[in-house]
Structure formats: structure tokens, C-alpha cells
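As a starting point, one isolated chain is supplied in C-alpha cells, in the form predicted on its own.
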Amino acid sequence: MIGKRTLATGSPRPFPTKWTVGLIALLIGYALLQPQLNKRFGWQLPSLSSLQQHEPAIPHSSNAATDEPLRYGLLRETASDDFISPGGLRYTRGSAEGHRLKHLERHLQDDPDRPGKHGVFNGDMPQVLRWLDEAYTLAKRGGNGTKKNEEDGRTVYEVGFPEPVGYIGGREGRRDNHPDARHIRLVVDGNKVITAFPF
């Protein structure tokens, strides 16, 4: 029972007041900070109510009532329009398209009239998101075939793959008969995705 300590004799003795006050302050602090920490860092700290019920915390998601609570079957929504991948990459609002996921979708189809080169991923969005998680994990480890640079305060990873992950489109790609792309360039700000494409 909270606030009581049982001695070997079986008689209860009250907790010192300072311990009780400290525990209550700690619980209140956790309750206030838990949603903010989850939102900011993409963590999955359980709420006090879920700890009380001995059940895992269910992250807030506007899609929770639907048949597919995860975006593309992979991304968990931690806040409104803020998604995190299993590998820890965050996809948030931003870019000319309004959201980083919309920007990423532009690299799922060729734009043959685009000047220069345009990297186009093979496969669908779930496949691309899995490749990006893999690239991110490999690059953070500094594995073979990976490079890391800093540009304008952002981290740029370049990761090679043994098999093609896409092809080169755009005007130059069309001129060169759409050569295979076996590398991914991933630009992040912390763990937030800015852009990613094959090259």
C-alpha cells in the first residue's frame, strides 16, 4: 500500500513525509513531461495510466480507429503530421510539397522533362521507407560503402547497395537509357528527413 511500510513484525509504519511528497512530485513531473518528450524525440514512454493497467502504451494517432493504424504499414504518428519509422527517422511538415512524405513521393515516378538527373526509386513507398531505414542504420554505423558529410548544418549520408534501388530519370537519365541507381542520398536534420533519393 502506498505511503505504508510493513515491518518484520507485520505492523505498518508510515513513510516519511518527505518521501511521500518527493514521490508525488516525481509522478506529477513525469505525467507532465511524458507527452512532450514523446512528441519532441519520437520516444515511446508509457503514460501513467498505461503503467497502472500493466498494458503497453498506445501512441496517439489520428489513424488509430482505422484498420491500418500505421502510415504505409510502417510509420507511427507521434503528433499531428509527425511520423517516425521503425529505424528512428522522422517525417514531418516541410518542403515545397507541404510534407516530407509528399516530397519523397516525387521520387517514386520519373519526371522525363526535368532538366538534369532525377533519381527514381524502384518499388512502392513501404519499400522505399525500409531502404531509408536501412541506409540510416548503416550510415550511422559507418559501414562499408557509406559516406557522411555536413552541409548547411544538416547531415548528408550516401549509402551503397549491392542491388539497384532505383534508376536515373529526368532528361539526362532518358538520354543515358535510365541507368541503375545503387546508392541512396539521405539528408537529415537530427533524425528528421529533409530529402532522400537514389543516385
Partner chain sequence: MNEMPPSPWIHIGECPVCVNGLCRVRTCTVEAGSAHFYAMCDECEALWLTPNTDTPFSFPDSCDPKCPICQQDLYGQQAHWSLADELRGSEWMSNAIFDVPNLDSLAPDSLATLDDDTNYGQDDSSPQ
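Keep in mind that this is a model prediction, so the values were computed, not measured. Residue numbers count along the first chain shown, from 1.
Absent from the display: the form predicted together with its partner chain. The rest refers to it.
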Any non-hydrogen atom of residue 152 within 4.5 angstroms of its partner chain in the predicted complex:
yes
Hey, in the predicted complex, is residue 187 touching its partner chain, heavy atoms inside 4.5 Å?
yes
With heavy atoms only and a cut-off of 4.5 Å, decide whether residue 156 touches its partner chain in the predicted complex.
yes
Might residue 113 be said to contact its partner chain in the predicted complex, defining contact as any heavy atom within 4.5 Å?
yes
Taking its partner chain in the predicted complex, would 71, 138 and 141 all count as contacting it (heavy atom within 4.5 Å)?
no
Can you tell me which bits of 168-190 touch its partner chain in the predicted complex, meaning any heavy atom within 4.5 Å?
171, 172, 174, 175, 185, 187, 189
